[in-house]
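Before any questions on how it binds or moves, here is one chain, the form predicted alone, in structure tokens.
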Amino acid sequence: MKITEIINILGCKVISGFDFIEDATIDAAFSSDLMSDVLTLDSSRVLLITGLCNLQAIRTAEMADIKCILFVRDKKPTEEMIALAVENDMVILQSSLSLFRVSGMLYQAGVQPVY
């Protein structure tokens, strides 16, 4: 699914990665606030959905080769987080919805889970 479709489905805000959202696609999504679980992923083109809004989330996504993160519950990334995401060509999205609701909406729209 194209990231632009995700933005339309959820009505979320783009924080970084404006240059990549038109062409970027995801194959599956993974919802977690435990970054140790994210490190177990062996998939490319994954959307990480999380409420853990700190530098560790960006670093973990970088290590897991995840290029798109969606922060839920209206969590706002810091300038340092945004700078690191830009440095790594990551798309950062923000939604006021809960992790559960976002996951359900995307699943209903056809986004597949990693597991």
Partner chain sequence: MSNAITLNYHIEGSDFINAGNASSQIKKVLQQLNVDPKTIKRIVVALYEAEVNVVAHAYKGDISAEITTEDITITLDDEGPGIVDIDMAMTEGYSTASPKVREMGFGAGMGLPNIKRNVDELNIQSEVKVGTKVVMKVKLS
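Residue numbers count along the first chain shown, from 1. Quantities reported herein were computed from a predicted structural model and do not represent experimental measurements.
There is also a form predicted together with the partner chain; it is not shown, and the following applies to it.
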Look up in the predicted bound form whether Asp27 has a non-hydrogen atom within 4.5 angstroms of the partner chain, and give yes or no.
no
Would Arg73 count as a contact of the partner chain in the predicted bound form, using a 4.5 angstroms cut-off between non-hydrogen atoms?
no
is_contact(Ser31, the partner chain) in the predicted bound form, heavy atom dist at most 4.5 Å:
no
Would Ala85 count as a contact of the partner chain in the predicted bound form, using a 4.5 angstroms cut-off between non-hydrogen atoms?
no
Full three-residue contact with the partner chain in the predicted bound form, heavy atom 4.5 Å, for Met105, Gln108 and Gln112:
no
Along 43 to 70, which positions have a non-hydrogen atom within 4.5 Å of the partner chain in the predicted bound form?
Ser43, Leu52, Asn54, Leu55, Gln56, Arg59, Thr60, Glu62, Met63, Ala64, Asp65
